[in-house]
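Coming up is one lone chain in structure tokens, specifically the form predicted alone.
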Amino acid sequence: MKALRNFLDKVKPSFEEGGKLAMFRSVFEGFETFLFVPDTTAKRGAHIHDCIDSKRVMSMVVIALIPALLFGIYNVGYQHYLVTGQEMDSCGIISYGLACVLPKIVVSYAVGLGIEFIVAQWKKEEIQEGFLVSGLLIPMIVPASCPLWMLAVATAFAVIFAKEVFGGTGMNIFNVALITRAFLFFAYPSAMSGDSVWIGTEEIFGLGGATNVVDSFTGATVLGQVGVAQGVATPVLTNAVGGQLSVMDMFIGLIPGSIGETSKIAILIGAVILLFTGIASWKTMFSVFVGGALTAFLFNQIGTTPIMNLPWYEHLLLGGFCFGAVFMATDPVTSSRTECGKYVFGFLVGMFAIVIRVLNPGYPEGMMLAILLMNLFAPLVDYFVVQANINRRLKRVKK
């Protein structure tokens, strides 16, 4: 590392103002600060300094996402081999998953970071580090069959209109990854819903295609099955080839769904990492599950439709509920920042997610809209919490 540090110090003057490579200054600074903690300090204002800067925080979130990403890669390959009727082998499963997922990650980072590099150079500022996490989240919350060009268009839209126009990292009011998914959902609904989008059946680099799809194949997510169920009190949930699913299957995650959201074990590992390192708030995370569980339990008592009768714990295990609670709702930029506000914010996210699922049969997955809705109201929640504290202290002074 010392040799690398010396090399960077040697070439750094070329990227400074007046150097022959000054036009790439922002790119150099982004690369340098990604490798080493910056040696500069704030010139004004009161700040508490330590060795953990924003890039290190973002890097820790990326590490927490890796278990869900690795399982997602495996599950994409597993679902492909399951529905095409081919003989299962670990090498083929992983190869197909990698061939499907890695290009999405490359496109996400290439488009998002490319825009951020251009904006930073244009504004003569440092590269902002927020897209380190968003760039990985985006491919993890889309279907396996999402076309790369759609992903590129949606990523560009989200970075420009949900982030840069607000001032960049730390200034955006909406979660960038969820804006990407929302853009895809509303602009290209056929690529984000239906029975054919959640499982990759096309041929990728000679790794097998859709010619052998079994007759009983259904690519619908489990929540999608519940949403279209008719004439039954509680629908029988099945996997992609008609086999009945158990709660353990939902927990392990070998079911159709977005790339990173299916395995609750992998998400739990990520949650432990985030909580142990203090990156995410346990108050927000816990409140999301409490709000979701209580709302689902209340709907269970009414029980007039199949999705109302879906057990409350299955609501938590299905769809993007766990993934959203752990990695999206806890975003420190777009969620509530006051300690009491985190409880309120999380509870309302969980509540609205279940309400949207149950009351909107055309959209059985409600986590995306619930989080985006509460992103909008997070400042208002914090405002009321702060005002309540001020009023309480004023009353004490008057006494």
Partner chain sequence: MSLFSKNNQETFFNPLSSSNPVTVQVLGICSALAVTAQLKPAIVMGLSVTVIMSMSNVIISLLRKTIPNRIRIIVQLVVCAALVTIVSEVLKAFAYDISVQLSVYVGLIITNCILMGRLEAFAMQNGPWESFLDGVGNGLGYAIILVIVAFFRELLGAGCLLGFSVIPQCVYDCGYLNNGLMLMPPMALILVACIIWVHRSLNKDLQEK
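None of the values given here were measured: they were computed from a predicted structure. Numbering follows the first chain given and starts at 1.
Just so it is clear, the following notes concern the form predicted together with its partner chain, a form of the same protein that is not shown.
The stretch that touches its partner chain in the model of the complex, counting heavy atoms within 4.5 Å, is 146-154, out of 85-93, 295-303, 146-154, 308-316. The three residues 160, 183 and 188 all sit with a heavy atom within 4.5 Å of its partner chain in the model of the complex.
Using a 4.5 angstroms limit between non-hydrogen atoms, residue 247 is distant from its partner chain in the model of the complex. When contacts are judged by a 4.5 Å heavy atom cut-off, residue 102 does not count as touching its partner chain in the model of the complex.
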